[in-house]
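Listed next as structure tokens is one chain, alone, in the form predicted on its own.
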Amino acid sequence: MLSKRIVSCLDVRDGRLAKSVRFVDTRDIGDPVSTARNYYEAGIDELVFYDITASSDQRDIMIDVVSAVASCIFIPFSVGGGLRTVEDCTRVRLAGAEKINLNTAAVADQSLITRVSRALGSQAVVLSMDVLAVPASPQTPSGYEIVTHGGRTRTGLDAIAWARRGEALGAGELVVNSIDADGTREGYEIRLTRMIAEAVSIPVIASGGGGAPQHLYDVLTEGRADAALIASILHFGEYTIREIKEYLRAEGLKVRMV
């Protein structure tokens, strides 16, 4: 059995670590480079860096911050935000990222997933999905809709259909972020995560709502996620990485201990 992964999310705005609740009320909470180094040394399995306003501001990602983070960690490092071309993605890879997160640009140009996958390999392509719960309809029969531009733009895309489409186009992994749960620390959106995990054959990372070790256990078991992404509970010192992993191991899950 493969180990379950714990992934820390670094949302970066204007070069600073930021945190929001349901994609609003964003506040500055520190330096992303020193935070990344601390989490790496504490035993996090992977890091994800999101430049959270690059797409909405129509600008390129902050490559200097990406390079600074990559230089001080030696674990898988994934980067997203403002990546619109194969050249953008290649530049991020050369700056030290192992994986590329595509979100808004992939919805606008679905062929981008395939082109980046062919250029860098499907294992390097992560389709990041921001998902909003909506009334079920013929257009969104799952009751979940994809939104883009940091949650600002409704797309009409059904989340389950988009997950399957992303896999078919060449994505090697999915990040499923529930906007309704994001930053609440009240638990992951289990139903959404399970529906997507059952619809695809590639790894699924659950995101949004992790507030306690029990929440991670629930989404990694009942939600069938391969990994759980956390932010607030680390950023605000509520739990350490070791405490979370020791809890999961005690509950019978296989995790990598440092």
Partner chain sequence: MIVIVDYNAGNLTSVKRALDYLSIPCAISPDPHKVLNAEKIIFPGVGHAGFAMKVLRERALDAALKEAFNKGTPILGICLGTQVILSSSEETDLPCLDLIAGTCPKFALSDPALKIPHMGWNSIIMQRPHPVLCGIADGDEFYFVHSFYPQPREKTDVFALCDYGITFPAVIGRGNLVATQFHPEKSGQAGLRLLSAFASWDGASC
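Residue numbers count along the first chain shown, from 1. All of these numbers come straight from a predicted model, not from anything done at the bench.
Omitted from view is the form predicted in complex with the partner chain, to which the following refers.
This chain is displayed alone, yet in the model of the complex one of Ile230, Val48, Ala70, Leu220 has a heavy atom within 4.5 Å of the partner chain; that residue is Ala70. Of the candidates Ile160, Ala95, Ile179, Val86, Ala95 is the one whose heavy atoms come within 4.5 Å of the partner chain in the model of the complex; the others do not.
Mapping the unseen interface onto this chain, Ile75 counts among the residues with a heavy atom inside 4.5 Å of the partner chain in the model of the complex. Proximity of Arg191 to the partner chain in the model of the complex: non-hydrogen atoms within 4.5 Å are absent; the residue sits far from the partner. In the model of the complex, the partner chain lies farther than 4.5 Å from every heavy atom of Ser111. Taking the partner from elsewhere, Tyr39 is found to have every heavy atom lying beyond 4.5 Å of the partner chain in the model of the complex. Of the candidate stretches 137-145, 179-187, 151-159, 95-103, only 95-103 contains residues with a heavy atom within 4.5 Å of the partner chain in the model of the complex. Of the residues in 173-190, only Glu173 comes within 4.5 Å of the partner chain in the model of the complex through at least one heavy atom.
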